[in-house]
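Okay, here we've got a single chain as structure tokens, the form predicted on its own, with questions on binding and movement later.
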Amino acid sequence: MKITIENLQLRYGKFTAIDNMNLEIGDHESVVLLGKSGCGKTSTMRCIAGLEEPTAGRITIGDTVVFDAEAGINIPPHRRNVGMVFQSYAVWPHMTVFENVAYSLKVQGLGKAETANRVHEALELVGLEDFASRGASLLSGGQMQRVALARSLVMRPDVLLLDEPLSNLDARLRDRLRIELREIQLQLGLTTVYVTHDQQEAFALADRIALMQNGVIVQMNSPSAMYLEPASAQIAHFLGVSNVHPVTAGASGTYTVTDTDLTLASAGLEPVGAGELHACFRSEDIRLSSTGAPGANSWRGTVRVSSFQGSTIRYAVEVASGMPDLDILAPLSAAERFQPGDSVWVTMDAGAVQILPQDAPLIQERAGVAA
């Protein structure tokens, strides 16, 4: 079921939570609203669900206009056929798993046989078919989250909305449930809107990511394109690029890191009319060795921190006085390992260096983004 958002605005007094948003989500598509707390992603989801009344704009689900400020249309949540899964599980501890999932069907007055069939179908989808008679108070956190998901799926919604449903779980369980959620979305062909501040979660679950800042979408793209081509230094940093440094342009694709004599070479194009520029490069694209020679993207440095992280080793390396240490991620299989105090050479390819503006271009920031 397609979702179309046009010129959506949500204000609380003088505060603008959503600022003139335009967004189209395709039928069967999974879109992740990604951003820091307070950026407007949950407010957007609540407007789609009918839990918030926007100040202006129009929302259409399928062929039905569910909200139109000018026309005075505002269909209540229970008539939008939208399922929601919240950060809080909201599982009733005094009921069994079956009773929790069946509750909304019971309220609708659905027959016992149909209710049983749909509940068992939903429990099988989330891997809880053997837990139907278990008391909800005896479940683990991950099992409770599956119950909450089954409770939404049993309603057979046109659209499924998920608001940071995995944030209360431990890291390994989150990783596993991300895959399961994606599998269910693809299996059922659901149109899904997922809210998170976790970029890894967004990469795992999205067909497209809408990255939000201050109530607007500043970039929208596929996970791979978002990762490889962030629109600004601010976005790159949010997506996990830890080496972001202000630079001034020199000749022939070279740049000088501000307040240092370090020279960087970049194979990419410099943004046109971008104002303040930043060089952005990923930790895994930097190489460490005990020998080298000075030049563009090659500097002598001193290891300040060496941190074993299982399959990788993370280093903090000082290359210039007054400049933040470079964050470097080396595979455990690297030929050389270093300890704090070691003298090293730091090198990287020009193709690994992106030159980006501090903020996303104004056209993305204010005009909204449509499919």
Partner chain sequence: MTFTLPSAEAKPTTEEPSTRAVAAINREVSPGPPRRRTGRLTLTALRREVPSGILAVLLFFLVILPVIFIIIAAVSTAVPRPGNAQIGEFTWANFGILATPEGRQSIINSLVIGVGAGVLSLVVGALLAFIAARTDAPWKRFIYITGMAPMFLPALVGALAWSILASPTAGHLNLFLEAIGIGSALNIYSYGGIIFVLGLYYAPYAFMLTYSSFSMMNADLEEAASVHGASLGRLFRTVTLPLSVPALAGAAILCFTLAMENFPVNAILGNPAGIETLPTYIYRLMAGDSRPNAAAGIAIALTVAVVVVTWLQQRVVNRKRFTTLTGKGNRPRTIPLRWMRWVATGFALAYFALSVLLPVAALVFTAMGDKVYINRFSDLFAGFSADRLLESMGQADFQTSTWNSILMALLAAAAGTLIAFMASYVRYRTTSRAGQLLEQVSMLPLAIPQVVLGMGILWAWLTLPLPVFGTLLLLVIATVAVNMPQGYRSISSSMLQMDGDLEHSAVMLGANRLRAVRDVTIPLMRTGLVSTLLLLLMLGLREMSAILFLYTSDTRVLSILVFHSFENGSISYSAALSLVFVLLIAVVAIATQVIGMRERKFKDAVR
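Basically, rigid core = biggest C-alpha set you can superpose within 1.5 Å across the two forms. A quick note: this is a predicted structure, and the numbers were derived from the prediction, not measured. Numbering follows the first chain given and starts at 1.
Form predicted together with its partner chain: not shown, discussed below.
Only one of M95, I179, A267, L188 comes within 4.5 Å of its partner chain in the predicted bound form through a heavy atom, and that residue is M95. With the partner removed from view, the residue among T256, S88, S167, N214 that has a non-hydrogen atom within 4.5 Å of its partner chain in the predicted bound form turns out to be S88. Contact check for E29, G72 and V107: all three have a heavy atom within 4.5 Å of its partner chain in the predicted bound form. Using a 4.5 angstroms limit between non-hydrogen atoms, P77 touches its partner chain in the predicted bound form.
Interface residue remark: L51 is counted as part of the site for its partner chain in the predicted bound form, having a heavy atom within 4.5 Å. Its partner chain in the predicted bound form comes within 4.5 Å of a heavy atom belonging to R151. The closest heavy atom approach of C280 to its partner chain in the predicted bound form falls outside 4.5 Å. Checking 111-119, 284-292, 189-197, 96-104 against its partner chain in the predicted bound form, the stretch whose residues place heavy atoms within 4.5 Å of it is 96-104.
Contacts between stretch 15-31 and its partner chain, counted in the predicted bound form as any heavy atom lying within 4.5 Å, involve D19, N20, N22, L23, E24, E29, listed in sequence order.
Relative to the superposed rigid core, L138 undergoes a CA displacement of at least 2 Å between the shown form and the other one. Here S224 does not count as shifted, since its C-alpha moves by less than 2 Å between the shown form and the other one after the core is aligned.
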